[in-house]
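One chain comes next, on its own, written out as structure tokens in the form predicted alone.
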Amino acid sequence: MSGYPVYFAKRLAQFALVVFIGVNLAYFITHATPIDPVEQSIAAVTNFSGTAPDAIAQMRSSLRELYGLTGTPRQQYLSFWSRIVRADFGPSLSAFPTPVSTLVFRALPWTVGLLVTSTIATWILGNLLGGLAGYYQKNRALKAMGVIAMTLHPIPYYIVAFVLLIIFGFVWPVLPISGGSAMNLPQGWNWAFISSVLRHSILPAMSLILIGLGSWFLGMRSLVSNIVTEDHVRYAELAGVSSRRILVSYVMRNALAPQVTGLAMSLGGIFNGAIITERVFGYPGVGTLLIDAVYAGDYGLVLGVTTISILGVSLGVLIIDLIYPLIDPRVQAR
């Protein structure tokens, strides 16, 4: 067996190895913290009322079994992986007795919807404008776009986010500055809820696009500027091939391959961006959930968010990796 099936099997094995290492690191780091979720739960329950010692002992035993903390460290580790396979992370300490998986899967669509859409939109827009700027180098509008991209690129994300909040939240208050949708609005597939979600996502999405656009624009313009000087492009121009076909078939396609690699790396970092973006705009995604879990000492929820994030990012990178040989014929699937 050779070719793409072997390439597919190797990438699948790498995906499994990355997930295994990442989840193990999350497990050992969270278990190395001095926080005991059982004692935290008992303290929260018995803080304002007197409880009989027998009842506390029984509660402690039940909670240890509930959190998978019974037995030797080896038995706890095996119990953890059996729970992972069943997507069972136990109950959340901060939202007891709601299961961690329920909280994570409730927050995940908000993060994926905002971050993945913004990342892909930024990638498409930046590469398209950068490709045009590299090919039509005398166009004034594209030159101005390059200046704007270079200006915005080095500015820290939180500065741009706060400027947008001030402009569209206070100076010209036309957009909501916090939350994922209007308060007390029932969630569902209806226009009232969808339009509210779209309005609330404009500012965080705009901040991500403005900051991310510069790197894609500058990278693509540089790649295209080099490719247009190559012999095969000159020959196509002398042969009378249309500019549009040269740009699309001979220039942009060749320049796109390294940008696809960059997209995979960007998708790998979306959960890092989620923490800052969701905190600044009060967005109800996994970033906000993770910060709240850390403050509450809810290590079960921290572990659940981390595990789902590792799985989601690894899966996104795997998909990009698998379609890479199909996009760039110069890359051989080995």
Partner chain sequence: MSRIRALLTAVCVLLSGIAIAPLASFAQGIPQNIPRKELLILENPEGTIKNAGWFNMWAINAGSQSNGLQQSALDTLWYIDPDKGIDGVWENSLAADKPQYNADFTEMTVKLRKGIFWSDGVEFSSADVAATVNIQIKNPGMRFSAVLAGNVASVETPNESTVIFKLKAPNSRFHANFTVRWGAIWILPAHIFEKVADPLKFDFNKPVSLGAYVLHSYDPDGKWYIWQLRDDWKRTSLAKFGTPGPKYLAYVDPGPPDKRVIAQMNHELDVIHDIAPEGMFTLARQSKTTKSWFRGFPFGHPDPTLPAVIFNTQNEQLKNRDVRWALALLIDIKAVANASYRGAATISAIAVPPTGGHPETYHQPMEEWLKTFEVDTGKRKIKPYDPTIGKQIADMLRPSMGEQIPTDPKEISRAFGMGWWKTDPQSAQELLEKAGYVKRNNAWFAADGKPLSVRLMVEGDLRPVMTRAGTMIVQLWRQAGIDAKIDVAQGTLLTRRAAGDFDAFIGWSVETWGGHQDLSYFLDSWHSKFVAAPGQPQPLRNWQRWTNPDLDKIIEATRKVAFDDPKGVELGRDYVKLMAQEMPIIPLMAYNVFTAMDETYWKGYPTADDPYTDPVPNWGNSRYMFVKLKPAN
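The model shown is predicted, which means the values in this text are computed figures rather than measured ones. Only the largest set of C-alpha atoms that superpose within 1.5 Å between the two forms is called the rigid core. Positions refer to the first chain, counted from 1.
Separately, the form predicted in complex with its partner chain exists; it is not shown, and the next lines address it.
Heavy atoms of S222 never reach within 4.5 Å of its partner chain in the predicted bound form, leaving it off the interface. By the criterion of a heavy atom within 4.5 Å, V286 is excluded from the residues contacting its partner chain in the predicted bound form. Put simply, R86 is far from its partner chain in the predicted bound form: not one heavy atom of it is within 4.5 Å. Interface membership of L238, defined by any non-hydrogen atom within 4.5 Å of its partner chain in the predicted bound form, is ruled out.
Using a 4.5 Å cut-off to its partner chain in the predicted bound form, not one of F20, F28 and G113 places a heavy atom inside that distance. The listed set L63, I308, I275, L267 contains one residue whose heavy atoms approach its partner chain in the predicted bound form to within 4.5 Å, identified as L63.
This chain is drawn without its partner chain; in the predicted bound form, the residue among L128, I148, I155, A257 with a heavy atom within 4.5 Å of it is L128. In plain terms, the part of the chain that comes close to its partner chain in the predicted bound form, with a heavy atom within 4.5 Å, is 95 to 103 out of 73 to 81, 95 to 103, 258 to 266, 225 to 233. Residues from 112 to 146 that approach its partner chain in the predicted bound form with a non-hydrogen atom closer than or equal to 4.5 Å are L125, L128, L129, L132, Y136, N139, A141, L142, M145, in the order they occur in the chain. Once both forms are fitted on their core, a CA shift of 2 Å or more is seen for G297 between this form and the one not shown.
After superposing the rigid core, the C-alpha of L69 moves by 2 Å or more between this form and the one not shown. The rigid-core alignment places the CA of R60 2 Å or more apart between this form and the one not shown.
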